[in-house]
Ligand SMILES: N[C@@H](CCC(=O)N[C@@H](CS)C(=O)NCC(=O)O)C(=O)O
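In the block that follows, a single chain appears as structure tokens, in the form predicted on its own.
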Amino acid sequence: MIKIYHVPRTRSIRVIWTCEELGLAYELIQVDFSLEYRSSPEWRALNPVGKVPVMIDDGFALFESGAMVQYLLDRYGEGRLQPPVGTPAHAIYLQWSWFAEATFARPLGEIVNHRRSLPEEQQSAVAIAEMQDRAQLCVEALNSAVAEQDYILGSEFSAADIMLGYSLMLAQRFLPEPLPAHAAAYFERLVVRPGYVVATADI
């Protein structure tokens, strides 16, 4: 049984969504998101930096959401939700999957951490604006990429859309401007998918 250690609004959404799209059974384990618990030896044994999520499958543990998504596809996907490995299409799939986390979600996560770590009077409006500008560049890149297609790889939904969908969810929360037209339409296509609905039911 796949076990997903979950907190609402966190990257565990990606893992739940992937399981739903693949029709995989899983157990959802709610995690105490307090700093005290996430700093505890118990939790650090599962995630050494105290973050969420963690996934365990038959005793095998992972603590990066993108790796979890890829593991599920490679082990259980039977070719679904990704192009054939070694093809240019798969390289583009990987590019957007990694972009979603390493480039797009990074400044959005920094906004969250900045606000969570510092009292309001110590927060820097300049730093937050800089992070928002970096994330907005990513929104514009994505907006152009989906201007003439339904999903990031074209007409077919893939796990890269799962990765990007979570980052767009964050962008809607933490960027001052609404999503531009093509990105907004793309996000609307994602949020009506049953897997997304289940994965975000508790937010």
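A residue's number is simply how far along the shown sequence it sits, counting from 1. Computed from a predicted structure; not experimentally measured.
Not on display, but discussed next: the form predicted together with the named molecule.
J.: Is every one of 93, 149 and 189 within 4.5 Å of the named molecule in the predicted complex, counting heavy atoms?
T.: Verified in the predicted complex; spot residues all out of contact, no.
J.: Of 130 to 138, 24 to 32, 153 to 161, 58 to 66, which is the one stretch near the named molecule in the predicted complex, taking non-hydrogen atoms within 4.5 angstroms as near?
T.: Correct option: 58 to 66.
J.: So in the predicted complex, does residue 124 come within 4.5 Å of the named molecule, heavy atom to heavy atom?
T.: Contact with the named molecule, no.
J.: Taking the named molecule as it sits in the predicted complex, is residue 165 near enough to touch it, meaning that at least one heavy atom pair lies within 4.5 angstroms?
T.: Although the named molecule is absent here, residue 165 would stay clear of it in the predicted complex, with no heavy atoms inside 4.5 Å.
J.: Look up in the predicted complex whether residue 113 has a non-hydrogen atom within 4.5 angstroms of the named molecule, and give yes or no.
T.: Yes, contact at 4.5 Å.
J.: Should residue 52 be classed as touching the named molecule in the predicted complex when contacts are defined as heavy atoms within 4.5 Å?
T.: Although the named molecule is absent here, residue 52 would touch it in the predicted complex, with heavy atoms inside 4.5 Å.
J.: Under the 4.5 Å heavy atom criterion, name the residues of 1 to 26 that approach the named molecule in the predicted complex, in sequence order.
T.: Heavy-atom contacts within 4.5 Å come from 10, 11, 14.
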